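The chain below stands alone and is given as structure tokens, in the form predicted alone.
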């Protein structure tokens, strides 16, 4: 890694550090709650840890031969789970970068998801989801899905795992052999996200729509009209807003009161190309949105108003964004290997 200083790209954000790696930074994940260490995996299969005060590299390993697909930190940040094109899921010590466990699977290991209680890690390869303990012991193998798994998401209480695939979503409980329920939906599900209180399950769809099931009732919502398929969806920390990326900007649905049915959504505009990443701040209704043209916007959602108050301009597509756990700043990664950290100025409060 090489490190350099960054200037202030906007009045209300301040560049802290920037590093560049000779690879494509695929995904970012925090390995401590204070936001002092960040793990990053590249498409080429390299897993690395960065100290986020100055951007210094801590350790670097070749995690997967032939390329990597995903990395996720455990809730306490002590363990990293990675999946690769070599057909393995691996667990790593987040402090030292030492391999702790290895699970051999069939096919690319494209998805991994830690249960919020830290007791389970689910990994998906092809049509099969494998459930492991935090030590890497296989506890269950579920191969009864109708197609390749496209996404995984745990309910906040860790009692259910949502598995997205063609034809809908399968809900599973840890260790139980049979699924709890199947939520049917024509076409392919590309992304799934639980409401912070488990009230709803949202799914981004291949046919340029978002599907939301009310888990306490038998009804559901279907919102269509997007420009592209929906690969990125995320709930705000309170669960009031659902952000969706399906075009050159984010569409945000308000679930307060009677919910979004029959109402107009909010929009984050100002992007020149399709969104490639979005992330809500962990402490308030701030959202970072980034696009394929290299633009990154920081916006605040207040009731029915979207105010974009900072923008970072670049010419290279953004591949991933991650907020600091304390909400005081965020990190963006770009396709050319650039990884940059920004702090929020107090003036944006």
Partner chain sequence: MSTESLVPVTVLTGFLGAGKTTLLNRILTEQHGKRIAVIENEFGEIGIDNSLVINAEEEVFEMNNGCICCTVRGDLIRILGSLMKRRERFDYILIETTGLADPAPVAQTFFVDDDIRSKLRLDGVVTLVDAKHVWLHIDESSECQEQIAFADVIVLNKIDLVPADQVDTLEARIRSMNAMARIIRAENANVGIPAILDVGGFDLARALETKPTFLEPEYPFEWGGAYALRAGTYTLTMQEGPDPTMDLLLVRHDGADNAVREQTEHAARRFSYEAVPYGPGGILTPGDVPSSLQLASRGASQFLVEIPADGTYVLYTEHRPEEFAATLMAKDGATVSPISEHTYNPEHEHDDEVTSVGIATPGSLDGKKLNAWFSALLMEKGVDIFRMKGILSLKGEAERFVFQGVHMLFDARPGGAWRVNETRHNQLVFIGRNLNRAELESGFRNCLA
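Numbering follows the first chain given and starts at 1. Predicted, not measured: the structure shown is a model, and the values here were computed from it.
Note that the form predicted together with its partner chain isn't included here; everything after this is about it.
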*Verify the contact flag for residue 32: yes if a non-hydrogen atom of it lies within 4.5 Å of a non-hydrogen atom of its partner chain in the predicted complex, no if not.*
no
Item to complete: Indicate whether residue 43 is a 4.5 Å heavy atom neighbour of its partner chain in the predicted complex.
Response: yes
- Answer yes if any heavy atom of residue 187 is within 4.5 Å of a heavy atom of its partner chain in the predicted complex; otherwise answer no. yes
Can any non-hydrogen atom of residue 282 be found within 4.5 angstroms of its partner chain in the predicted complex?
no
Only one of 248-256, 235-243, 74-82, 205-213 sits within 4.5 Å of its partner chain in the predicted complex by heavy atom distance, namely 205-213
In this chain shown alone, the residue from 293, 26, 321, 58 with a heavy atom within 4.5 Å of its partner chain in the predicted complex is 26
Answer key: of 108, 142, 120, 154, within 4.5 Å of its partner chain in the predicted complex (heavy atoms) is 108
Those residues of 133-149 with a non-hydrogen atom no more than 4.5 Å from its partner chain in the predicted complex are 147, 148
